[in-house]
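Encoded as structure tokens, the following chain is the form predicted on its own, with no partner shown.
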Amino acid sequence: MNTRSPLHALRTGALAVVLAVVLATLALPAALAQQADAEPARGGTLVVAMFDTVAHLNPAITTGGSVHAVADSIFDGLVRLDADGTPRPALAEAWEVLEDGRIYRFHLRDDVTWHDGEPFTARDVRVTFEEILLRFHTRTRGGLGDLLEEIRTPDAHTVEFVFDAPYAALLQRLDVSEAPILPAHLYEGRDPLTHEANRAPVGTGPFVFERFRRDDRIDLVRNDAYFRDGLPYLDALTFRIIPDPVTRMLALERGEVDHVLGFPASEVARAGDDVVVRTVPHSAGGSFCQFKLAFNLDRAPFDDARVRRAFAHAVDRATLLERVAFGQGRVATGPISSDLDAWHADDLPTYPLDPARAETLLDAAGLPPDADGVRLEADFLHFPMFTRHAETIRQDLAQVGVDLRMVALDRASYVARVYGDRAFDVGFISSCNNADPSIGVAPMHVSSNVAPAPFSNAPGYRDAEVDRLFAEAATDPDPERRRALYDAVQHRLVEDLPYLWLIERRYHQASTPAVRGVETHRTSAFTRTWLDR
């Protein structure tokens, strides 16, 4: 039997309410409702179109959505999360929460093998955390690095996480997206960034890696020895790389693919009756995600809060949402998504659209307009897929004398300039809150996570009070006190504006009517998927 603490019950209950509200607001096609009672059929290959290629398939060294879209079907976590956010057994079949949340003891399954036949044990968990996740997975390192005291493995199938103080959100961060478990017999003592298994991964998950053709396709086949009885239903999964959104949509309509990740918002209204569109707050790599601008606080004039506030008054976020995101989402007001209403503060300072106020702030910061009306020139880095967002923002800021030079970079180049070389002024970022602020929000702001790692603290923001508030909120066992701490940190961050929060995102997936059982709340969405054809 699983033993849950009262604290955990409160946390899970709060998250369940949040997710239930979110899902209730999203209209699901009638065709999906009719699929609920159908008996799954076995066999077949599901062909999935994805928008971006990947350089590797190691989900423990990145939070990148493209890697997780594939790799999360190859690996498992200690737990999996249901649609309402409730942790369920996965590689851990049971757990106990001891000493008021200071120790979590996990009892591992003893019938799991890696895809190469080696047995799964507690050593795999310890090595994955100590040598990989806590060093290279941005959210795990940023969220647990300062809190986790040690990992004990008293026997081959027991693992204990020991914290300095009670930690409330551990179970929500142990699914395959946040903490995929890798094989110790391959990775222990090796460099996980350059390991050859990153391109030919060995997991415990429902599908086994078969072939990787960069920029073309990735093929997986069914794991006949998967520990969840009767799953998966499919014989195989193929991921095709199709960067152009219109081409992805046409491939779906022509029957060349069965399912599309990253279905363009602009095409949702035009989708025909033979296309089933799902609109959800989740995507591979995270949930409750936001678009935001990151200011490089190591560079003038972005080290001046008046300049950052001028940007906030100049960017028309409502128009950005309506014209570029086609109304799919909400205007963001701060670092914690309003979908996480257990923690989101609704009385935050606001920065209404006010170009005149923006110009006054730029004057005060010593940035008067020159003869051409230009006050400030800056590099604006973004991914090519976000060019329309970037162009709209650039036009808004041009109205107040800010000349942004748009620089479109692929993922690797963007990460190198923003997080490695810190050679940028302003960057367009998408990052995810996930199930608790300690998972996805704190790592984007705490001083300890200013590091050359993707999607860490990009602004280089350092504030001792923010560090303290996030640390106390993560370890306080009382939900009301946690709420008060998160209220305080949100107010401080919105005053400081290391980021300008733009839009709370919605995602679209689309499939043919034959595709059943897609679990859109999970990154390993296809474990229960089957084909009705």
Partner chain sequence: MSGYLARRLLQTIPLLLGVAAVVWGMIEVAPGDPIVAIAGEDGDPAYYAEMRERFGLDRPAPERFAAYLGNVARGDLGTSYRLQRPAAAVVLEALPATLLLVAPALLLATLLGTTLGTLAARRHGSRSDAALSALSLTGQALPVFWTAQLLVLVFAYRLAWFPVQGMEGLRGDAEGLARLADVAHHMVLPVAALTLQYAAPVARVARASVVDVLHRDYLRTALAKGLPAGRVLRAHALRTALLPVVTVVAAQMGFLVTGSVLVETVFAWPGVGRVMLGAMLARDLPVVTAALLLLAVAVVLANLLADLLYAALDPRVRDA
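Positions refer to the first chain, counted from 1. All of these numbers come straight from a predicted model, not from anything done at the bench.
The same protein also has a form predicted in complex with its partner chain, omitted here; what follows describes it.
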Which of 349-357, 314-322, 372-380, 246-254 lines the interface with its partner chain in the model of the complex (heavy atom within 4.5 Å): 246-254
4.5 angstroms heavy atom contact with its partner chain in the model of the complex for D258: yes
Is there a heavy atom of T138 no more than 4.5 Å from a heavy atom of its partner chain in the model of the complex? yes
Residue contact check: S413 to its partner chain in the model of the complex, 4.5 Å heavy atom: yes
Does its partner chain get within 4.5 angstroms of any non-hydrogen atom of R240 in the model of the complex? yes
Indicate whether the candidate residues R214, R217 and F455 are all in contact with its partner chain in the model of the complex, with contact defined as any heavy atom within 4.5 Å. yes
Residue among A451, A83, A200, A398 with a heavy atom within 4.5 Å of its partner chain in the model of the complex: A451
Only one of V494, V466, V47, A484 comes within 4.5 Å of its partner chain in the model of the complex by heavy atoms, so just point that one out. V47
Heavy atom contacts to its partner chain in the model of the complex at 4.5 Å, residues of 191-212 in sequence order: D191, L193, T194, R199, R211
